[in-house]
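As structure tokens, the next two blocks hold two forms of the same chain, structure 1 and structure 2.
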Structure 1
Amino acid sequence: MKTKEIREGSVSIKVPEVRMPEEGEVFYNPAMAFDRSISVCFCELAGLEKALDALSATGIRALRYKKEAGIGVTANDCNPKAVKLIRDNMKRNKIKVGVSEKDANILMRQEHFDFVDLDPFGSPIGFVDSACASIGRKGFLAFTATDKAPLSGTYPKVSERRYGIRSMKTDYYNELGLRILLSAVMRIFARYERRFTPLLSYSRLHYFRIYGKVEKGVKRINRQLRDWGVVSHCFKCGWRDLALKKKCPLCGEATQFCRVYLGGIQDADFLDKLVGRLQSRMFVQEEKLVNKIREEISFPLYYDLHYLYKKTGRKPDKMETTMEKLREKGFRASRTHFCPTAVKTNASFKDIIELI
């Protein structure tokens, strides 16, 4: 395998020399360095002892966790070529991490960790049951999903098969897709009487990324179940509501709907601490994203204003002007990282259309 040397964070490693990441015998995606930097700061804040990089590939994530966050970590991959590369990269950096060559599900059933990181090519859902068993009563889980198309409504039947929820191609598809993913993970943890609570959730490029804490307790789960609800959507006029409505009250068209988690997807206190840690490490772009997320209002499902202006045949107004008009009417409003032309607000669809 032909390799080249790269540097990411404070680690220098060998990676496959290929045109595209998916062409390599061992996967390495430089675009995900952004996410790995956030992950390092997450590990510092969580105060971890024993972490698992379940699908480690080159070992870059595990090596950065060890060197930059100072935590004990195991790098696992079932690909023997990946394991050899992990060992070589470990020696290059004079860093000692645990190395395992097992199916990730088998390893997680055999050993306990207080933090599991799942970064697969595609969906993480096939690893969540085992992660739940590995984490036990208390700990943390982070996971990435690169199958945005099914989650965001392009392939709704795939979403239904994979996650148990039929997705919808709405104008707020990025947030709805993330909530479908989060809902599926929460359901799995609930089956084992564990609650998964998101601390940081975001959509970026081709993937969704969610960090959260795991706690045991039926009462905690029952409280979380109160935050589930139905999203109803009319594909004729664009109307939506956070309640079950089988017919659109504006145009009379039959609606489509799905039941998902509608509670908070960020933890404000944790984001405050994370921003401070990102600043201290001078992770500038990562800090910008987390700051943007921190400034979003927590009300679920954004409105894509360009979509709505086009739907009503009106010339688009400036984002800030529209948000100011909403605030003048007593509503809350903010931008959102999910979409550059969207606003988050507690105003109803009817309120926004009347304003437009």
Structure 2
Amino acid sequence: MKTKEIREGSVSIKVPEVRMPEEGEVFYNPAMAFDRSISVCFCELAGLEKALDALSATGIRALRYKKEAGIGVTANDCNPKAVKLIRDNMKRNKIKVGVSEKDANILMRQEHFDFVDLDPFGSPIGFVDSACASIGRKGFLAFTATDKAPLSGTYPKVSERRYGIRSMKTDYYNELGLRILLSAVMRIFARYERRFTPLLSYSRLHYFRIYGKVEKGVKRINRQLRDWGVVSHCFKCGWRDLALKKKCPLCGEATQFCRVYLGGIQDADFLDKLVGRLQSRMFVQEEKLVNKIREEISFPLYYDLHYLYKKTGRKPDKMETTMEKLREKGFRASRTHFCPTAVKTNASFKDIIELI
């Protein structure tokens, strides 16, 4: 395998020369440096003792977590070529991290970690049961999902098989997709009497990423279960509501619906602290994203104005103007990182359409 040297954060590592390595080769995507920088700050804030980079590839996450956040960490990958590269990269940076060459699911059943980071190809869902076993009573989990197409409604049956919830291609597909993923993860934890509480959740490029804390306790889970609800959507006129309605009240068409977690997906206190960390490390783009998320109102789902103006045939207003009008009517309104042309608001579909 031909390699080249790159610098990311405060480590310099060898990565495969080709961007899209063939099967069996080691994977490195420079675009994910963004997320790794956020993860470094997360590690620092969480006050961790023993972290696991379960699907490590070049070892970049583990090495940065150790060097930049100063935490104890193990880098694991089942691909021997990846493990060789991890060892080389460790020596090159004179950093010591644990190195393991196991199936991640086996390692997580054997060893306890207080933070597990799952950064797989595609879906993380097949690793979540073992992550739960490894974390035990209390800890943290972060995961990436790059299978946005099934989650966002392009392949609803795949979503139903993989996550137990049929996805829908709505104008708010990015947030609904993330909530389907999160709901499936919460369900797995609940099965073992653990509660998974999201601290930071976002959609970016081709992936979703969620960071959260894990705690034991049935009462806590029961409280969280109250935040589940039904999203009903009419694919004829675009109407939607956060309640089960089998027929669209506007046009009479049969709706489609799914049941997901509708509670908070960010933790405001945590985001405040995270922004401080990102600022002090001068992770400028990362800070921009987290700030955008901080300004979002916490009401679930959003309206893509682009889509609604097109659907109603009205001349589009500026985003700011529409948000101002909503506020004048007594609603809350904000932009959202999920979609540049969308607003988050507690106004109903009918309210928005009337306003448009």
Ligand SMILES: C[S@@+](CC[C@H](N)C(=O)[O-])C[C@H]1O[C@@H](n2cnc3c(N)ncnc32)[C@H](O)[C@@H]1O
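Reference numbering: structure 1, starting with residue 1. Keep in mind that what you see is a predicted model, and the values were worked out from it rather than measured. Only residues modelled in both forms are compared. The term rigid core refers to the most C-alpha atoms you can superpose between the two forms while keeping them within 1.5 Å.
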### Panel number for the form predicted in complex with this ligand
2
### Rigid-core frame, C-alpha of Gly9, shift of 2 angstroms or more between structures 1 and 2
no
### Message
Given a superposition on the rigid core, I'd like a yes or no on whether Glu25 shifts its C-alpha by 2 Å or more between structures 1 and 2.
### Response
no
### Query
When the two are fit on their core, where are the runs of 3+ residues whose C-alphas each shift at least 2 angstroms between structures 1 and 2?
19-24
